[in-house]
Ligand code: C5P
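Single chain ahead, by itself, as structure tokens, in the form predicted alone.
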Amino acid sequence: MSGLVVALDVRTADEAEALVDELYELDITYKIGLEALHGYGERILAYCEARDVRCCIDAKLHDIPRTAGAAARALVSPPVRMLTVHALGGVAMMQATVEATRERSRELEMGAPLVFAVTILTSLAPGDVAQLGLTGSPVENALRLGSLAREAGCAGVVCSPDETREMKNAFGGDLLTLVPGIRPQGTAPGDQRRAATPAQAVIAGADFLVVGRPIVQAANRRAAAAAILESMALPER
């Protein structure tokens, strides 16, 4: 699976399908976030299945174990290769999600999606983390939540570029890293507070990079995605 995940963060299903078509021949995964999932989820999933492309369902599930597990089960379908939950939901909730995805995948005779636990959102600065009542730095909190994700059987964590190296140093190959907050050199950070270039993130140990606006809002979206794929291939970790 390619390490580039492109966010389908657009308003309509028509726009999302057009983006899939533009990038179709590139080796990427498409992230279906909350905007797409709640706005036109069934349609875009069907389209991705018809086009035989991979999806990451960025649902960020966060509820009691039974509800999170039931939601995860409902989201499993052939194009779905990744699914996200909030690590702050606790070990039992994450375990329920992992078990539900595996069970449903066996019923559908498909490989189980990789479950990634969201640690500390990349839009949060250190002051925001303290305001939430979490003690310690974003890195310390991400590592603590990463430990819980590993205990729960998650395949990996969602963390910012700032935490990626520490996550790999702490857990090695036990946890994959899905890293948002990616901004190519010269692009605006937007609402990302802990960001890095694609090359910086790969050098830090990122396994998957999530890129939205730098591709979605580019004048030539295919060229923008191809340039990021090329920059990801350059550095040696």
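Note that residue numbering begins at 1 and tracks the sequence as displayed. These figures come from a predicted structure and were not determined experimentally.
As for the form predicted together with the named molecule, it is not shown, yet the points below apply to it.
Query raised in the report: Quick one: is A7 in contact with the named molecule in the predicted bound form, heavy atoms, 4.5 Å cut-off?
Result: Contact with the named molecule, yes.
Query raised in the report: Looking at the partner-bound form in the predicted bound form, is V210 within 4.5 Å of the named molecule by any heavy atom?
Result: Yes, V210 lies within 4.5 Å of the named molecule in the predicted bound form.
Query raised in the report: Would G69 count as touching the named molecule in the predicted bound form under a 4.5 Å heavy atom rule?
Result: The answer is no: G69 has no heavy atom within 4.5 Å of the named molecule.
Query raised in the report: K168 near the named molecule in the predicted bound form, any heavy atom under 4.5 Å?
Result: K168: no, not in contact with the named molecule in the predicted bound form.
**Report entry** Contacting member of V98, L121, M82, V139, with respect to the named molecule in the predicted bound form [4.5 Å, heavy atom]
**Finding:** Spelling it out, the residue with a heavy atom inside the cut-off is L121.
Query - Site check V158, P180 and R183: each within 4.5 Å of the named molecule in the predicted bound form by heavy atom - result: Heavy-atom distance to the named molecule in the predicted bound form: all three under 4.5 Å.
Query raised in the report: Using a 4.5 Å heavy atom cut-off, which stretch among 40 to 48, 198 to 206, 22 to 30, 54 to 62 contacts the named molecule in the predicted bound form?
Result: Looking at the other structure, the answer is 54 to 62.
Query raised in the report: Can you name the residues of 74 to 95 that have a non-hydrogen atom within 4.5 angstroms of the named molecule in the predicted bound form?
Result: Stretch hits: zero.
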